[in-house]
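Just the one chain here, the form predicted alone, laid out as structure tokens.
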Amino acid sequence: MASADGPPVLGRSDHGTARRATLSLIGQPLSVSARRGSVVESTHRVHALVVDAEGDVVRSWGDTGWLTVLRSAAKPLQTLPLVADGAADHFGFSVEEIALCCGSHNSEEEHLRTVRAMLAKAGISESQLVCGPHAPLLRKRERELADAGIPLTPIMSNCSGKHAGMLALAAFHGWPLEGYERPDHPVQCRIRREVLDWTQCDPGSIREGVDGCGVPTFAVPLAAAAGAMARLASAARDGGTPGRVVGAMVRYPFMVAGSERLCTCLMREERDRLLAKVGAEGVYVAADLGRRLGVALKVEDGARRAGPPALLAVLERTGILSRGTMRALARFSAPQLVNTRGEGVGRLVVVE
């Protein structure tokens, strides 16, 4: 296990498993190019793949064994113990609140109200959240709070829903609330087992670091992440805990991200057909819930701007998205580059 002093090193995975979903295929990566006028100004390489529930690769780009730190893309898996162990029902968490535990929210008022409701139900104070405050992910909301002179607090972290869920899990089991973020705390040990189960990684093959919000984050081969999403999609069809977590996300996509965010917009357009979740440093996972397909991608240089067009390209090229959805989300598939006056000066373009 890596500590805060020894985070996982990104690059080719040296720890494959016997599972088909983690076998490495190496091909030509996708490229997301920034084109300014007729000039390609910069290019972001993207590794991506789509797999079925048995781990067979449907289509891939780049290195499917690329060691990928999941960051917030792991939140659906990190939320499963809250439901499976009975904590969500014990505290009377709503479907919206379960969705928020899976989310990387914009700190919009509805998000903050929902986190506060969760904390109140579990008898937890905001001061017990260890996620540090940061500016909202939505720039409009950041300006709104600044103009109102409202100070940033931990509840405004995009991860505050996840942290409220972790604290509730600790309270339900009678585990200490203090230190719930530490790798050896029972909450994190329980979550680690869940991630190992769904990614089908051997304990020695999964690597850990510290996420931006202070809790452990997991590094797995990219194909293992895609396989986890395919298995989650398959299990959700039978209901139970996977069905409740997946159902919460697709029923309340605003809680998963918020205004002007791709995860929310995708799930609103596709309704109960698609699950999508972003992670920091250019990571996305998704699942075609009808066909039980899992999707994972990693922008090699971590560029946030390259993730949305890359994800839409992967979903479109594998027939997961309808033409109507692609038209509706055109602003994400080929986003415009603008100058300081708001004038369009170029675009991001996906090429194979």
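Quick caveat: nothing in here was measured; it's all calculated off a predicted structure. From 1 onward, residues are counted along the sequence shown.
The same protein has a further form, the form predicted together with another copy of the chain, not shown here; the description that follows concerns it.
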Handout entry: Listed residue (Glu144, Glu281, Glu108, Glu260) with a non-hydrogen atom within 4.5 angstroms of another copy of the chain in the model of the complex
Key = Glu281
Handout entry: Answer option from Leu30, Leu312, Leu67, Leu293, heavy atom within 4.5 Å of another copy of the chain in the model of the complex
Key = Leu67
Exercise for the section: Heavy atoms, 4.5 Å, another copy of the chain in the model of the complex: which of 233-241, 124-132, 265-273, 86-94 makes the cut? Say which one. Expected result: 124-132
Handout entry: Non-hydrogen atom contact Val345 with another copy of the chain in the model of the complex at 4.5 angstroms
Key = yes
Problem - Arg207 within 4.5 Å of another copy of the chain in the model of the complex, heavy atoms - result: yes
Problem - Ile26: touches another copy of the chain in the model of the complex, heavy atom cutoff 4.5 angstroms - result: no
Practice task
Indicate whether another copy of the chain has at least one heavy atom within 4.5 Å of a heavy atom of Gly55 in the model of the complex.
Solution key: no
Practice task
May I ask whether Arg71, Asp211 and Gly214 each come within 4.5 Å of another copy of the chain in the model of the complex, counting any non-hydrogen atom?
Solution key: yes
Exercise for the section: Give, in sequence order, every residue of 318-352 that has a heavy atom within 4.5 Å of another copy of the chain in the model of the complex, or say none if there are no such residues. Expected result: Asn339, Thr340, Arg341, Glu343, Val345
